[in-house]
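Take a look at this one chain, the form predicted alone, written out in structure tokens.
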């Protein structure tokens, strides 16, 4: 399976966020989308997930293009956005059980407890989520995104709120999912963590994928230098056009 975005454009009023953007990610790849604040990373994730439609262009999943919002495809996408979408008055387990029934996953209580253990919440006290720390909520959000055993993982800033141990857990999890031939596309500013697991880094700048940097044992310094060079070149080009 391959995810493709072809000539995707999206504007909010007079501000064009995505500008005839092309992107391709294959199953088994773990791609990190980089870009400065306001570059359109969240807009791209929302568009790829089917939460919003592009103004022009198309999104294709394998041979499927139309119907990105259909139930079959939605159930195949594990999505993390800035909002956790958790019910604060329910416990972590009750949240997973609610979403499991909503998605009709067929998972039993033992499966849900195993999922909690996978994200490091197996021994958490059964208290309402309102009493969770930010990191615990993020761990639960990750578990919720995996409930349907999705083929596609679209994670927007998934390291948010996680401590060092939590970041290690997330790295292990996405590596395991990628090894199962899942397609993983995520955004983050945490280069030190994602550098350890990503197969490549796509830089979103000025509405397009401005560069694609393969991760062939790249050092953190080299990654930061190449990323900064791409952004600087884009700014220079804009000045010349002004």
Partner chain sequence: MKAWLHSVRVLIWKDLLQEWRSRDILTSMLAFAVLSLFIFNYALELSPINRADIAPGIVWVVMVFAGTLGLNRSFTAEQDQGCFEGLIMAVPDLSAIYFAKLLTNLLMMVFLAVLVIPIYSVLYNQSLFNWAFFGVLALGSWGYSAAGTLIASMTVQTRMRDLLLPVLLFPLLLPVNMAVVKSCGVLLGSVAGQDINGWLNLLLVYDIIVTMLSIMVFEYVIQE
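Remember, predicted model here, so these are calculated numbers, not experimental data. Residue numbers count along the first chain shown, from 1.
Just so it is clear, the following notes concern the form predicted in complex with its partner chain, a form of the same protein that is not shown.
S.K.: Have a look at 180 to 188, 196 to 204, 44 to 52, 31 to 39 and name the one stretch with heavy atoms inside 4.5 Å of its partner chain in the predicted complex.
M.R.: Among the candidates, contact is made by 44 to 52.
S.K.: Which residue among 162, 86, 115, 153 has a heavy atom within 4.5 angstroms of its partner chain in the predicted complex?
M.R.: Among 162, 86, 115, 153, a heavy atom within 4.5 Å of its partner chain in the predicted complex occurs only for 86.
S.K.: Select from the listed residues 81, 169, 124, 146 the one whose heavy atoms reach within 4.5 Å of its partner chain in the predicted complex.
M.R.: Partner contact (heavy atom, 4.5 Å) among the options: 81.
S.K.: Flag residue 134 as yes or no: does it have a non-hydrogen atom within 4.5 angstroms of any non-hydrogen atom of its partner chain in the predicted complex?
M.R.: No, no contact at 4.5 Å.
S.K.: Would residue 107 count as touching its partner chain in the predicted complex under a 4.5 Å heavy atom rule?
M.R.: Outside the cut-off, so no.
S.K.: Residue 91: heavy atom within 4.5 Å of its partner chain in the predicted complex?
M.R.: Output for residue 91 is yes: heavy atoms within 4.5 Å of its partner chain.
S.K.: Although the partner isn't part of this model, could you tell me whether residue 119 comes within 4.5 Å of its partner chain in the predicted complex, counting any heavy atom of the residue?
M.R.: Answer no; every heavy atom of residue 119 is more than 4.5 Å from its partner chain in the predicted complex.
S.K.: Mind listing which residues of 92 to 127 have a heavy atom within 4.5 Å of its partner chain in the predicted complex?
M.R.: Result: 94, 97, 98, 99, 101, 102, 103, 104.
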